[in-house]
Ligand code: 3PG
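The form predicted on its own is given below as one chain in C-alpha cells.
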C-alpha cells in the first residue's frame, strides 16, 4: 500500500482534507496527515517511509527530500513551486509537480480586492476613485492573468497584457491588447498586476528602471512572489515619486519603511493570502491527490516541473 504524506505547516481546510482522503482511499492508498508541525525534524520523521507527499508553502529542501528514501513524487498544492528544491528532486529521482490553475480565481479576486481597497482609500470615509476606464496591464497572461481579465472586463477597464509565452492571437481573442515588452506595459498602464514566477531570470527583475516608466498615479499589484521585486529600487522610486503605489499580498522586507514613510500608498495583507479561500484549498488539494494517483497508476507526468 502506497503512503501519501500531507505535510502542511499551514493546514488545508477540513473539507480539502476530506476530499484528498476520499481520492486516496478510492485508490487504496494510505494517507498520513502532518499539520502545523514546528520543526523540520518532525517532517523528516513522518516522510521517512512516504511514497508521495503533498505540500503547500512548506520548504521541501534537499534535507527533507533526502530523508524520504521511498519518495517518488512530491506535489505542491498551488501554482508556485519555488519552495521545492528541484535539483534535489532530480538527484533523488523524485518527480515534482504543481497544480496550476486550481487557485487562480482566488488570486485574481484578491488582486482586485487590493485594488478596490486602495482606490477607495481603505473605506475610511474619504472620497476615492474608480477602476472603470483605467488601464490595467497584466504581466504574464497565465491562469491568474486570464481570470484577472475576466473580472476587469466587468469593471469596464481597458486591458493590456505582456507574455512572450502566449500567442498574441489568444490575447487579442480575449479582448486585450498584447504588448511586446514589459517596458511598454508599465509605460502604458495605470495599474500593473504581476503574475510572473520567481526564478533565476525574474528575481529582483521588477525595480526602479521598469517602475519609473509608470504614468502618474501608477500602481503595482503583486500577488506573485516578493522575490521578483527589487525592494531597493522600489523604495528609491517611492521616495522620488509621491504618486507611485504598491499593493501586495505579502509584506516586503522593508514593511516598516513603508509604514513610516508612505502611508496611504500601499496595502499589504497579514500573510500571503492569494490562495486562502475554501474553494482554492479544496481544488488544489484534490488536484494534488488525483495527480499522485494518476502518476502511480498511469505514469501521468503532465504537471511535472523538474523535467
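Numbering follows the first chain given and starts at 1. Everything quoted here is computed from the prediction, not taken from an experiment.
If you look for the form predicted in complex with the named molecule, you will not find it shown, but the lines that follow are about it.
Enquirer: Of the options 177, 120, 225, 236, which one has a non-hydrogen atom that comes within 4.5 Å of the named molecule in the model of the complex?
Expert: Looking at the other structure, the residue within range turns out to be 225.
Enquirer: Which of these residues, 79, 110, 220, 206, gets a heavy atom within 4.5 Å of the named molecule in the model of the complex?
Expert: Flagged contact: 79.
Enquirer: Is there any non-hydrogen atom of residue 241 lying within 4.5 Å of the named molecule in the model of the complex?
Expert: Heavy-atom contact with the named molecule at 4.5 Å: absent for residue 241.
Enquirer: Does the 4.5 Å heavy atom contact test between residue 103 and the named molecule in the model of the complex come out positive?
Expert: Although the named molecule is absent here, residue 103 would touch it in the model of the complex, with heavy atoms inside 4.5 Å.
Enquirer: Would you classify residue 10 as touching the named molecule in the model of the complex, given a 4.5 Å non-hydrogen atom cut-off?
Expert: Judged by the heavy-atom cut-off of 4.5 Å, residue 10 is in contact with the named molecule in the model of the complex.
Enquirer: Residue-level contact is defined here as any heavy atom of the residue lying within 4.5 Å of the named molecule in the model of the complex; does residue 275 satisfy this criterion?
Expert: Looking in the model of the complex, residue contacts with the named molecule include residue 275, since a heavy atom lies within 4.5 Å.
Enquirer: If contact means any heavy atom within 4.5 Å, which of 65-73, 262-270, 52-60, 28-36 contacts the named molecule in the model of the complex?
Expert: Result of the contact check: 52-60.
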